[in-house]
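One chain is shown next in structure tokens, namely the form predicted on its own.
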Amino acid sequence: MNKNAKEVSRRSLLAEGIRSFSLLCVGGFAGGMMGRSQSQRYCWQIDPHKCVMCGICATHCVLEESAVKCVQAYAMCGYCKLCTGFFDPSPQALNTGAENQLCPTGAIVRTFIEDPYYEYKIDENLCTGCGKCVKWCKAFGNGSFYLQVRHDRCLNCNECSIAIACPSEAFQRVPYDEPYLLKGTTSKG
């Protein structure tokens, strides 16, 4: 009797050891996968050097208001009196009248600094991400306006509908800890 109890004890000990080892392996594997997935998190962003300003960012986002907005690289901006990103190509006058502005929603705010310099800020609540200002700023200015996915708005869909439709493949996955591709800070210019 005492011998059987000892054998059962050995079996129980062996079974318990195998179960503990299995749980340890499963836990270690799951922990490793969690750490790996957190270190490899990515989000969507527009490469401003590939963007062709086609305008689909304004219409293909799953959100009612696109997560893509125009941003201004102030270090690159010329603070021009005649800003080609702000004014219509054939303005009637160089003032802030709606008929003179290129932006269909009036999302660019022009502020006088000193003669002949003006500052141009984007009102993100009005910006639709259409890219008209970006196109004309790049064509005749220094390209300080460019489009970026705003991550405070983006849902980070697994298959971004804008990325699928983007003709220049400017939409790409970037590391989550570096979510913006800032113009003027890379060697691409």
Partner chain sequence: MIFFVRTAPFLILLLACLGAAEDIQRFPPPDFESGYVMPATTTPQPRAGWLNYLDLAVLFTALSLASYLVIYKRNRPGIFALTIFSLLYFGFYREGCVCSIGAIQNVAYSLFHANSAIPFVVIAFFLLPLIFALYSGRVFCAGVCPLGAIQDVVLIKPIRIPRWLLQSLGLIPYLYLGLAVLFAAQGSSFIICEYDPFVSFFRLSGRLNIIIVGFSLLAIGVFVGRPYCLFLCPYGAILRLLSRLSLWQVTVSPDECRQCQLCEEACPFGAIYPPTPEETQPIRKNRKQLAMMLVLLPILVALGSWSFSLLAPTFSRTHPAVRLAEDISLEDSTHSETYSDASQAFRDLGQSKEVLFNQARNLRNRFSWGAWILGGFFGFAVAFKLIGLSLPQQRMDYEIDNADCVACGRCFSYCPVELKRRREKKSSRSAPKDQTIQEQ
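Rigid core here is just the name for the largest C-alpha set that superposes within 1.5 Å across the two forms. Keep in mind that what you see is a predicted model, and the values were worked out from it rather than measured. Positions refer to the first chain, counted from 1.
Below, we turn to the form predicted in complex with its partner chain, even though it does not appear here.
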Practice problem: Could you confirm whether residue 9 comes within 4.5 Å of its partner chain in the model of the complex, counting heavy atoms only? | Solution: no
Quiz item: Heavy atoms within 4.5 Å of its partner chain in the model of the complex: does residue 99 have any?
Solution: no
Quiz item: Using 4.5 Å between non-hydrogen atoms, is residue 109 touching its partner chain in the model of the complex?
Solution: no
Exercise. May I ask you to state whether residue 105 is within 4.5 Å of its partner chain in the model of the complex, using heavy atom distances?
Key: no
Self-check item: Sequence-ordered list of residues in 150-175 near its partner chain in the model of the complex, where near means a heavy atom within 4.5 Å
Solution: 150, 151, 152, 155, 158, 159, 164, 165, 167, 168, 173
Exercise. Superpose on the rigid core, then tell me if the C-alpha of residue 21 is displaced by 2 angstroms or more between the shown form and the other one.
Key: yes
